[in-house]
Ligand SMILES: CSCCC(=O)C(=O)COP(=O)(O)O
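Heads up, the chain below is alone and in the form predicted on its own; it's given as structure tokens.
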Amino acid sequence: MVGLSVPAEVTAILLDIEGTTTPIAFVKDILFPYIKENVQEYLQTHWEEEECRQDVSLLRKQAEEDAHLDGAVPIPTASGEGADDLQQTIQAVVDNVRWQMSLDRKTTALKQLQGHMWRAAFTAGHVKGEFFEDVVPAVRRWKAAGMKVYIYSSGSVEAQKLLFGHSTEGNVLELFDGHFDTKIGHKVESESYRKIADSIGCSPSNILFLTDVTLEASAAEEADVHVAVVVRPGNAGLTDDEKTYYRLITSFSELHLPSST
């Protein structure tokens, strides 16, 4: 894999996060374990706050919907009569969260609590976002060359801003012109990329999308977006056909902008 020339019509670069800017291991080995290890303490600390009450209420509603599932963990309503009763309720929430995570579920209730816990962790400096070493220098070069740079991730816009605002490289949010999550559409649907182009105010063909997921690359390509697939340590392997079909890069430094070729 040598350099890849960016088409002259490209004015915006759209970046995936997990497996593209950020090691999959950061999400798998740091972010998710943080929730499992700290959910009990977080609930104890924030139980009386309105935001936490809403999170628990949503989790309880989800638990009711899940009652028919094997191994589902119910969340009783605290009667308010004594510390033991409260601790039992908190333990039920903890067990429910860990059960959902063991199944890799993406319920709104779970994602909402995780988002609030990560916000507290990033803000306090307990967790810092990590990037591959080529990412920030490359984005700075692109910006200096007049390129617009956007993020599109299945993680919420709030979670994205936490990652880039509290990172090992400091606060790098100023490098990005905007953020998109699945509210604009799923990443494997071509219409999502047309909507992003509309939102940015350009044609799909003015965008280069970098992702490690070929299903996303295919959807973007169907919308006339330019695509390169990013091959990083820890990412899922590509088939021989995918390696032949897609333009591949192993580092952002391999992209050559029109002005620099």
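In this text, residue numbers run from 1 along the sequence as written. All of these numbers come straight from a predicted model, not from anything done at the bench.
The same protein also exists as the form predicted together with the named molecule; that form is not shown, yet it is the one meant from here on.
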| item | value |
| --- | --- |
| Contact residue in the predicted complex, from I196, L208, L59, L31 (heavy atom within 4.5 Å of the named molecule) | L31 |
| The unique member of V139, V127, A159, L113 whose heavy atoms fall within 4.5 Å of the named molecule in the predicted complex | A159 |
| Interface stretch in the predicted complex with the named molecule - options 92-100, 150-158, 69-77, 165-173, non-hydrogen atom within 4.5 Å | 150-158 |
| Touches the named molecule in the predicted complex: I13 (any heavy atom, 4.5 Å) | no |
| The named molecule contact at H186 in the predicted complex, heavy atom, 4.5 Å | no |
| Touches the named molecule in the predicted complex: A223 (any heavy atom, 4.5 Å) | no |
| Residue contact check: I200 to the named molecule in the predicted complex, 4.5 Å heavy atom | no |
| The named molecule in the predicted complex: contacted by all of I17, V27 and K106, heavy atom 4.5 Å | yes |
